[in-house]
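Just the one chain here, the form predicted on its own, laid out as C-alpha cells.
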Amino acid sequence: MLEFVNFYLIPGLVLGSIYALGAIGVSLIFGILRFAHFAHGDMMTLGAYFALPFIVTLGFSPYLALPVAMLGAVAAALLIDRLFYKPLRAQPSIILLVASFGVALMIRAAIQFVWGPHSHVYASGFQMPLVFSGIRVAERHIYIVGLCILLVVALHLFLTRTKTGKAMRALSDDPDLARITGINTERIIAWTWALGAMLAGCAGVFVGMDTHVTTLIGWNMLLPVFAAAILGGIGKPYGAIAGGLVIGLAEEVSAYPVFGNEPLLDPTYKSAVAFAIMVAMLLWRPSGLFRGRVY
C-alpha cells in the first residue's frame, strides 16, 4: 500500500495539479473567446523558460522566479492577442483555432532560437524526500500542490467576489447580453488572457521543478490538458480542476502492477490514457462532468 501511495498516488496528485492549472486556462479562453487555444501548451513552455535564467544564472529559488515567469507569460499572451488574434476575432472560431497552431510553432521556434534546443534543469543532484510514517514526499511536491491549491482558491475568489470576475462569468454565459449591459469586452478579454497565461506560466515552472525543461514541455502536456478540460466540461474552470486531477491520477495509476510484477500499462503509453478518457467522455457525455459547452 505504501508503494502505491509513494510512487503512484502522490505523483498522480502532483501531475494532476499541474494539468489542472493548464486546463483552467484552456477553459477560460474557450468560455470567453469561443475557440480552442492550441498554443496554450507552448505558453507553459514559455513560462518555464522565462524562469530559467533567474534560477540557473542568477541563483534565484524557483519560487522567487515564479512571479517573473507568470508576468512574462502574461506580457507574451497580451502581445500575441494584439498581433494575431484580435484582427481575427470577427472570423469563425475555426480560423482562430488554426491561427493558434501557427502561434504555437512561432513560440516554440522563438524559444529554441533564444535558449537552444537542448534540455535544461533548474537544479541538479538528488534531494532527500521527507518521510511521514513510511510515506515519502519530495519537498518540492508539497510546495507544488500547495501553491496550486492557493492559486485555485485565489482564482475562485477573483471570479466570485470581484467586479471583473463577475463580468468574465457574465460574458462567458451570454456574450450578447453582457455587451448590452455595458461590459467592456476588450478589457475582459485582456483579463482572460492574463489569467490563463499566469496559470500556464506557473504550470511550466512546476514541470521544470519536477523534471526538466525542454522546448516540448507544452506540446507533451497539450493532450492531457485538453483532456482534463473536456472531462470537466469545456468552458468550466472548476470542472477543469477535477478533470486535471482525474487525468493525472489515471496516468500514474495506470502503470501500477495490479496483477503480478508487471505494470498494468507500459509507462510509455501514459498519454494514451488521457486520449482514451477524452474520447470516452466525448462519446458518453460531450458536455463533460460539469456540463460545459457543446458546439
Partner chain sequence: MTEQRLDATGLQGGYGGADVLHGVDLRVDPGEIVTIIGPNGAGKSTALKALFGLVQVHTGRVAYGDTDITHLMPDRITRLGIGYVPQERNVFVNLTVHENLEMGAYIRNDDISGHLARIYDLFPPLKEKRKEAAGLLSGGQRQMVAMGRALMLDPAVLLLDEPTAGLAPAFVDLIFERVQEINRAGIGILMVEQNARHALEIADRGYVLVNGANAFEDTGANLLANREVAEAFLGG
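What you are looking at is a predicted structure, and each value in this text was computed from that prediction instead of being measured. Residue numbers count along the first chain shown, from 1.
Below, we turn to the form predicted together with its partner chain, even though it does not appear here.
- If you check its partner chain in the predicted bound form, you find no heavy atom from any of 262, 270 and 276 within 4.5 Å.
- Although the partner is absent here, residue 160 lies within 4.5 Å of its partner chain in the predicted bound form, judged by heavy atoms.
- Taking non-hydrogen atoms only, residue 118 never approaches its partner chain to within 4.5 angstroms in the predicted bound form.
- At a distance threshold of 4.5 angstroms between non-hydrogen atoms, residue 170 is in contact with its partner chain in the predicted bound form.
- When contacts are judged by a 4.5 Å heavy atom cut-off, residue 83 does not count as touching its partner chain in the predicted bound form.
- When its partner chain is considered in the predicted bound form, only one residue from 112, 220, 184, 91 comes within 4.5 Å through any heavy atom, namely 184.
- The single contact residue among 140, 136, 179, 212, judged by any heavy atom lying within 4.5 Å of its partner chain in the predicted bound form, is 179.
- In short, of 146-154, 193-201, 170-178, 71-79 it is 170-178 that has heavy atoms within 4.5 Å of its partner chain in the predicted bound form.
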